[in-house]
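The chain below stands alone and is given as C-alpha cells, in the form predicted alone.
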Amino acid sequence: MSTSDYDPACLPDLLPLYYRRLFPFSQYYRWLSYGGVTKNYFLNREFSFTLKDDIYVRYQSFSTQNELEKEMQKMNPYKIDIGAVYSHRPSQHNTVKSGTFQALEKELVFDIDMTDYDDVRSCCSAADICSKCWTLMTIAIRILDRALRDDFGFQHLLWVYSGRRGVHCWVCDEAARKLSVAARSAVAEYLSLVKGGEETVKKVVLSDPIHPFISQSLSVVERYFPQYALVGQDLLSSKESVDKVLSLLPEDILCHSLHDLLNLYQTEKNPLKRWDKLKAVVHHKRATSKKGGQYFEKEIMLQYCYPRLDVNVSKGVNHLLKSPFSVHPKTGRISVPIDLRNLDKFDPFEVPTISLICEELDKPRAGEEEEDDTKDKENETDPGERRKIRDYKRTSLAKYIKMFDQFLDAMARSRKGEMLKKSDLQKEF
C-alpha cells in the first residue's frame, strides 16, 4: 500500500481503533519494565504525547500497563516519544524539591535521518525517500550494528523504522542504559566520521594508519558503493556531480591531473569504468604529490555513504525519541522493528499504514487459522488481551510484533543467564 492510499484526515478516526485493538501493549510494557527487577523502573519512565493540532504533553508516567493503556486510549496520541527513567515520577516533577528531579537511565539511542544526506544524494531531498537512497540506511545499520556489538560488546539492539525517512536504534543492555552523558558522548564521537556543516567541502579526512573500526566500516561501504553511488546516484554522470567529487581531491593532484580527468569524462561513459580510471589517474599523480592523498577514494566513499548521526540524540540521557509502534501522522506508517536477518530486503514502502491494518481487521484472510491461539490462552488470562492478540495477527502488523517478541525473549534469556551466574557465584562464596 503506498502512502497515497493513506489520508491524514482519517487519522482521528483510525487512532482509537489502533490503540484499542492493535497496539502491542503487553509487549511494550514487558520491554520497558526490563523484567521488573528494578523497583519503579517503569513507573519513573517519561512518556510524551503529541496530540491533534500539535499539542505537546510531556512528563507523562504510568504505574501499570493497564494505566498506560487506558490513558493512551483516552488521549489517542498522534505521536509517542519515550524519555528517561527519572529519580521521581515524571508526572509529579513539579511537586519535588528543585534540583532533585534527575534523569537517571535510558537506552543508548541513535537517530539517523535521510535529510542529513541531502548533500550526497541526487534522487531525493528533504523528507522524500526512494528505494535508491534507502541503501544509505542499510549501510548505516550494518556499520553501527557491527560496531556496537563487536567494539562495545552490546547485545540487545532494537532497530526501528521511523515511519518516514529514517531509522532509530535502541541499545537496551543494562550497561548501555546506565551510561553517563560523558560515556554516551564518547560512544557517539567514536562512531562519528563525517564532520563539518554545509560550508565544509571535505567532511572525511583519514589519517595513517587507518583505525580498525574505519577499516571494518569501509568493507561495508565498498560492498554497496559501486551499485548505489556510481550507478544508482549517478555519482560521475553530470559536470556538477563530477565537480563535487573533484573538489575532494588534494589541490596539487587536481592541478596536475585536471587535463587527464576532463579527457577521461569525455571519452568514458560507463560510470564504473570512470571511477576506476579516476583512481588510476590520481594514484599515478600521487607519487609526485607532497600532500599525500593516498586515501582519497576511501574518503570519497565514506563521505558519500557513511552514517550521519544526530549525536545530540545519543549524548543526552533526558533526550526524547519516537517510540516503536507510534504512527507517523504524515505517512500513516507504523514505526516498526527491522529484521536484520533480511536487512537488504527491507522496503520502507511495504511497511503497513494504520489505514491498511485497520481495514485488515475486518477482512479475515483466506484460510486463516488462529495459530498459537492455545499458547495465547495459556499466557493470558484476560479475554480482552486474548482478543487483541488475535486482532493484530489478522493484520500486516503481525510479523513486526513477532519480531519484537523475539527481541524481548532474547533479552529475557540473557537476564535469566545473568541471574544464574550471580547465583552460582554467591554459592561459591
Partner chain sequence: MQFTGRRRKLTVHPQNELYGHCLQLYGQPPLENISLSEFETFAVERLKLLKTVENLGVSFVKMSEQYSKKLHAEISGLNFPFRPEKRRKDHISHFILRLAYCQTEDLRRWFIQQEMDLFRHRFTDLLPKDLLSMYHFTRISSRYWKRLMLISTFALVQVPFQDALDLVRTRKVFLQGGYAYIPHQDIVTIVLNDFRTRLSKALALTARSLPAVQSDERLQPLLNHLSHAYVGQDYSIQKNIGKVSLEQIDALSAKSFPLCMRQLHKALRDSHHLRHGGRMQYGLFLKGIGLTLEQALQFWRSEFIRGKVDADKFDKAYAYSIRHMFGKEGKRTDYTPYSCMKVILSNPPSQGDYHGCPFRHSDPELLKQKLQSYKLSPSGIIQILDLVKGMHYQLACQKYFELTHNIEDAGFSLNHPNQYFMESQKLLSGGKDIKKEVEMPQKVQENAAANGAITLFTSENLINFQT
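As the structure is a computational prediction, the values presented were derived from the model and not from experiment. Residue numbers count along the first chain shown, from 1.
The same protein has a further form, the form predicted in complex with its partner chain, not shown here; the description that follows concerns it.
Residues within 4.5 angstroms of its partner chain in the predicted complex, judged by any non-hydrogen atom, belong to 189 to 197 and to none of the other stretches in 352 to 360, 269 to 277, 76 to 84, 189 to 197. Checked against its partner chain in the predicted complex, the candidates I129, I139, L320, L179 yield a single residue with a heavy atom inside 4.5 Å, and that residue is L179.
Among H93, K202, H211, H284, the residue placing a heavy atom within 4.5 Å of its partner chain in the predicted complex is H211. Looking at F101, you'd find every heavy atom of it more than 4.5 angstroms from its partner chain in the predicted complex. In the predicted complex, none of the heavy atoms of C123 sits within 4.5 Å of a heavy atom of its partner chain. A residue is said to contact a partner when one of its heavy atoms sits within 4.5 Å of a partner heavy atom; A183 meets this definition for its partner chain in the predicted complex.
In the predicted complex, its partner chain sits within 4.5 Å of a heavy atom of D150.
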